[in-house]
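Following this are structure 1 and structure 2, which are two forms of one protein chain, each written alone as structure tokens.
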Structure 1
Amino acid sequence: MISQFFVLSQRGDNIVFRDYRGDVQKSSAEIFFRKVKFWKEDGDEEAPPVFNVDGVNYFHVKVVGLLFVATTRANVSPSLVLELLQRIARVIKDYLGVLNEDSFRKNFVLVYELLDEVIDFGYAQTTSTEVLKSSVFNEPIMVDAGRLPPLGPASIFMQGTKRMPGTAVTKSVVANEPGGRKREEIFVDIIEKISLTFSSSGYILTSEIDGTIQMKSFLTGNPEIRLALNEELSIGRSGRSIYGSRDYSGSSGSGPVILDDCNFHESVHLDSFDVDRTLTLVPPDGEFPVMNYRMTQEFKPPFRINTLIEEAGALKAEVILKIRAEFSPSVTANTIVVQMPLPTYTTRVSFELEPGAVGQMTDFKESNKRLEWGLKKAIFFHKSLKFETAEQNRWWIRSHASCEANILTGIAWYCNITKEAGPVSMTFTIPMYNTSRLQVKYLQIAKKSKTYNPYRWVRYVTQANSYVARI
């Protein structure tokens, strides 16, 4: 299967290196980092997750700033290796509590012991934290999490800057807290990634939600848990629920939730699922997906994008981008980035933000002729309880693009700017917002005694996977 596994820091430092077969050169880590750092092929700024250099296949995922890499000369399934890298990262995080360079270096022996059990001669053996506990005996050395940026349990599955905000979960599943006591708590995350395409007139062409219910348990004794979902939840394209109702209402408000399909973790029992939509399970150690689901029915998009391109003089054009939020005033969106490719003969771009804009950034990427607009937060503002205008949940930017060329190119500019510019793409993260309306109604834990009352944490995160508006 794989020949080597190594972990690199953002600077390219080799933190962990394991050679399983000896058929790939030892300098592969340096070759990989140079290739990724100076990647300029096909006009892309970032290297793809899989590429080949001199007959060696490189597979990599970026997890909270660290590069997890595997190499091989064999013709293996890319999705299989990428999934293995993600699971290795998850297992290491379960043991160390925190994924960063400092935690790796302090737990050098433990990480290598884990890798020896997970992979044997390049073949994956197990990636189950619960199974590994019986064969891994080193105790983790905990890193002070107070100095670290907040990382949610969902962030381990996000690449690059697509990290989930929220309460930090930096505890190891095997280490005891100071004093020998263990805080009884359980974390449940409902994470949804939206793929949506708007037409030039604003209509929705394609829409899809890929969601997962992630769980991480710190309960001693692994008690039985009952997780109740929406009672009016239906599965299958027929749209029939246990009440026989059907509704295609927006993402806000009540109504049946219609999923196309779903699958469950092996520990989940579905005895009462068809009756009252309740999942019964004994959670294994570590982080795991309780349920994965997909939804392609119509839903209310969190943002609307409007684009207007007009001629503004000789070899100049004016681009106006408008974003309108469609969610509740109690919700705040974070890390919003809007991108729009411009024609290749664009030379200069100037920007004009709305009056009083705060926490926004603009940039023109000369290398790939791309306009970028970023907002740290998108939130509703109310002047009073009785006064609210429709513009309070809208943001806009005006860009002036110029072209320096001969008259023939100028003619092409006027004729082809709408064809060569765009489409507009958008990325965002919305904490405590759920597009599909799938909810955890209650989380019940089999009590050992009357005084046993562990902490329960449930949160929702919505993120853009492919949010595109055509021009």
Structure 2
Amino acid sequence: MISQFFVLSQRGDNIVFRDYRGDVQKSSAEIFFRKVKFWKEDGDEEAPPVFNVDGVNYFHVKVVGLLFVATTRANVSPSLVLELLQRIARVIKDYLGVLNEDSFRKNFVLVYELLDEVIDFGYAQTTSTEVLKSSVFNEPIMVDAGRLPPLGPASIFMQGTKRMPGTAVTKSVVANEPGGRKREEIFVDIIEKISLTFSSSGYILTSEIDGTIQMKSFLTGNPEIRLALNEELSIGRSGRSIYGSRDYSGSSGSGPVILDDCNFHESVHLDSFDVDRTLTLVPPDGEFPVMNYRMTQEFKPPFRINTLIEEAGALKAEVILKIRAEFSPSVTANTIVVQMPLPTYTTRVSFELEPGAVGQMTDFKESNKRLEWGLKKAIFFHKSLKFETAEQNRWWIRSHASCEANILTGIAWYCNITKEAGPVSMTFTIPMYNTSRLQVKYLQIAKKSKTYNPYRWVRYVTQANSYVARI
């Protein structure tokens, strides 16, 4: 059971504050914020999500820069409270469409109304948007989504390729469209986050895909839905060490998709899952994960990173970074950023991009001595390099930046420079691409009538979680 719930802005003001049990002092928000802000003891950079001050336990999660906090004096389950905080954030987002400080402030009465129903006397009652709809009466006041920073992995769809309605992510589940009628539609997003580490010799040290099939339904009358996945899908790799023996033959092309493990939303029926890999569910309102999965099966990394560091004089070094895309040119990666920490004694860096490079930016962040190279969109040269002519189907983003590091304390630096710099890390988003090859083969909606044909959107996106190349 929790005692209080509150949401703080980045500056530490209360946006909402709800006291459920009255056994924790009212100043808790202030105590909490001071503690989090000055969390430097022990050299830790960031306050852990759970800590205890004078017998009061403080839980917090960060969502879009806001702090969602719960307090209690009891010895409760930490995952329950942290999960609950995340869920509260999700419910509020379902209602408001957009979750940020502004929408919060405009709708705080609605938020209070939600909080009253979600938790009673510290006990979680329900976090289902579906159930809450019957007892929440405030109409959300919508904020303009256009100029808001993106949130969550699905937000890349906001940037709206023509095939997708840009409002999907920021649309409230409950508010009516301006026209008065709701559009019948359902979104299924397959979101995959890749964690991958290349060794200094380019060999893959670890790789993992964390995926979610996320659903957001705007269908009236809650029809039943069938979702069919790859038939050749197996779960669990019993008895075998996950990383021990690698099956390289399966790394590209077809073959079964092997998930290490997965879990499902409680609305999902798995009756026929073992037979034909279909999930049956009646989607509740709101956004929710149908299935989470985890995969360590070998996969083809979307990018390869090549780093070369060379000594170029007593106080100079040259870094050449190359990224190579390993997917078909029909797919475009966007918002690619490559970062690399440089030695602390670096004073100045100059960049040189390939001739003809468009939409790229380079920067040296003085404060943390970090090199940044951004590519708005991957530009593909539809030709192979001279020394790689054999492979026809390999496409390249070829581009390199070189930087000169002027070093002041030039003692024996060059044997150490690789230890003082790097590793190179990369973030990117690749829409309509998935690495695991897990697919939604079809999405069937139980028909109410012959004319009933709601919009169905099945979207894939791959993102870098931790994509690192050591040097």
Partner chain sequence: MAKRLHFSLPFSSTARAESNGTGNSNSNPKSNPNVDSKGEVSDLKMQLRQLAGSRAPGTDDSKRELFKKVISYMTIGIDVSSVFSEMVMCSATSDIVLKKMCYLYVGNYARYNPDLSLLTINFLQRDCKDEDPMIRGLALRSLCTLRVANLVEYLVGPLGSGLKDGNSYVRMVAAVGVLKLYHISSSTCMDADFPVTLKHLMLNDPDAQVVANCLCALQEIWSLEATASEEASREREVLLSKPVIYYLLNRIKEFSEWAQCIVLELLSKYAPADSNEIFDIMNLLEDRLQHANGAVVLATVKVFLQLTLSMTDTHQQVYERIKAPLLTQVSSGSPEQSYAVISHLHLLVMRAPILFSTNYKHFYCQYNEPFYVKKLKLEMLTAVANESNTYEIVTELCEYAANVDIPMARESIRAVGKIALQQYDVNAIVDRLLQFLEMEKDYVTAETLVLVKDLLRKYPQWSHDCIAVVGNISSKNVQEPKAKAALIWMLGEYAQDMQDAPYVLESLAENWDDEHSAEVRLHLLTAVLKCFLRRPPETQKALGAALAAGLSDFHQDVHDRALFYYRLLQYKVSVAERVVNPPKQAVSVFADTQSSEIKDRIFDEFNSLAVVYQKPSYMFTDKEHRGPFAFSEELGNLSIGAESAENIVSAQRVEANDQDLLLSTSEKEESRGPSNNGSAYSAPSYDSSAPLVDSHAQSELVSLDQTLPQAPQASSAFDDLLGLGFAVTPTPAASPPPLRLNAKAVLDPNTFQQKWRQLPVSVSQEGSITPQGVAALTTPQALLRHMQGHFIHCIASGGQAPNFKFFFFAQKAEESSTFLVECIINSSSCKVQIKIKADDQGTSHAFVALFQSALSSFGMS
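Each residue is numbered by where it sits in the sequence of structure 1, with counting from 1. Model, not experiment: these values are computed from the prediction. Heads up, when I say rigid core I mean the largest set of C-alphas that superpose within 1.5 Å between the two forms.
As summarised for this chain, the first structure is the form predicted alone, and the second is not. When two forms of a protein are overlaid on their rigid core, residues whose CA moves 2 Å or more are considered shifted, and Tyr58 is one of them between the two structures. In the core-superposed comparison between the two structures, Lys26 has its Cα shifted by at least 2 Å. With the core held fixed between the two structures, Ser217 has its Cα displaced by under 2 Å. Here the rigid core is superposed, and Asp120 then shows its C-alpha moved by 5.1 angstrom between the two structures.
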